[in-house]
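Coming up is one lone chain in structure tokens, specifically the form predicted alone.
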Amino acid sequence: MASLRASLKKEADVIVIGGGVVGALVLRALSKYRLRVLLLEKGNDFASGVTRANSAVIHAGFDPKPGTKKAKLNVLGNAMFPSLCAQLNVPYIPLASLVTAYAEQEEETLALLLAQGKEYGVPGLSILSRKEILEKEPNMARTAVAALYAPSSAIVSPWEVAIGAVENACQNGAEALRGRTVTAITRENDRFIVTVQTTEGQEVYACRCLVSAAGVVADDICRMLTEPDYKITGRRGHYFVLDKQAAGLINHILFPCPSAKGKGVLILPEYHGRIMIGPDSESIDDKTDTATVEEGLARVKEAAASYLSVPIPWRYLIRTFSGVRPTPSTGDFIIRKHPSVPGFVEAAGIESPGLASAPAIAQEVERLVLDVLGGAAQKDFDPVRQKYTAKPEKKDNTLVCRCSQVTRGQIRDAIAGPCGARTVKGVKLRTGTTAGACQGGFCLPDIVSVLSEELHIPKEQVLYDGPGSNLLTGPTRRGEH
């Protein structure tokens, strides 16, 4: 016991594994109490997994199967998002969705979704006729028969929600660490001993209550303690992003009628003003494989081509990407105190509508943790995130990113604070740099320079994202980077 105590990096009341939107909101929820709370994220930044690559839609909540946690928590979470985003100082854009029937037999599906949504308490649902659809979406295909209109949906920036929640939690006394890959968990004397791997070596942490919000590897985390009674399958989805010049193509979030594979390919305006199209859905063996493949992109193109009466302006394409969703064998969210491991709380299988449900999921996990540990409320908890900024003498209005109108000073602000950006991708998530038409072609050298200055490291050590993603190897013969 003495040797274990000597090797401990830190002891906490609660450790949260996973810094995506669910783990981040759980950390924030628990920071309301007089508990020592620590989050461990394996990526070089928060929101480095499922949260970073999804449709960014706050679903209205009419779609999940009756009696599921998804059905309950989607509607609750949807209602929580406006105030949550206001408190975290992140964008929230209300944007109605249309689920469109392109054949008469699909109208039955719309009627079922309408009845189901009303039963769940989804506000404002209605069925639109073809004429009403075209009034709202002039470019909709003339084969559209009817559509389910849902005014309570919205779009957000999921990674900004996660980062904002982590920052707010840390401002209330929690701690969050990046670059910590959990490699082993044991339970000893009513404590969990968590071993992690970093680029510098191993670290050991201990806690009384362990929360897994580990996304696609949630079953692997469970397996470190006991054989899981569920399986997480990775389902990869591909996306296209069209530049702002395509704005006006559509006015709403467009869905087809749902199928057994999910909600189908969407076309939606994202909050920076670009158009996003995707995803498809394919099971993959490697749950971390986010490579884009030609077949997947072709599936998305083929599906989206039938939605509109005008051609999709692919000439404005600026990016493709893919994300992997954690699909549970149970068909529903797994949110529980583990039945055979006391003190182990799971939030697993958080696929769609996981983003929309995330605030309500965090509330459920908060209740479960308090059942395990108890916890007196902090009297001075502040739910409003205070954004970190660089020192006044470092303010600089020099424009770096013309696509997103981001200055050198704003990049410094994004790096400031204990939860600030440490990589080029981290700056992108917080400011929108490198996300526009040039995809970093003009602004990247300046971003690398600012990171080098603020982190006090050579430019050769500046990373794009994860370990090994160095952008530079050394100076040119002329001595320039």
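For clarity, every value in this text was computed on a predicted model and none was experimentally measured. When you see a residue number, it is the position in the sequence shown, counting from 1.
There is also a form predicted in complex with a small molecule; it is not shown, and the following applies to it.
Would residue 296 sit within 4.5 Å of the small molecule in the model of the complex, counting heavy atoms only?
Answer no; every heavy atom of residue 296 is more than 4.5 Å from the small molecule in the model of the complex.
Does the small molecule come within 4.5 Å of any heavy atom of residue 351 in the model of the complex?
Yes, residue 351 lies within 4.5 Å of the small molecule in the model of the complex.
So, in the model of the complex, is residue 166 in contact with the small molecule at a 4.5 angstroms heavy atom limit?
Outside the cut-off, so no.
Residue-level contact is defined here as any heavy atom of the residue lying within 4.5 Å of the small molecule in the model of the complex; does residue 443 satisfy this criterion?
Judged by the heavy-atom cut-off of 4.5 Å, residue 443 is well away from the small molecule in the model of the complex.
So the small molecule isn't shown here. In the model of the complex, which residue out of 362, 277, 214, 147 has a non-hydrogen atom within 4.5 Å of it?
Among 362, 277, 214, 147, a heavy atom within 4.5 Å of the small molecule in the model of the complex occurs only for 214.
Note which of 436, 43, 64, 426 lies within 4.5 Å of the small molecule in the model of the complex, where distance is taken over heavy atoms; exactly one does.
If I apply the 4.5 Å criterion carefully, the residue I get is 43.
When the small molecule is placed as it is in the model of the complex, which of 399-407, 377-385, 206-214, 307-315 ends up with heavy atoms within 4.5 Å of it?
Comparing against the small molecule in the model of the complex, the contact stretch is 206-214.
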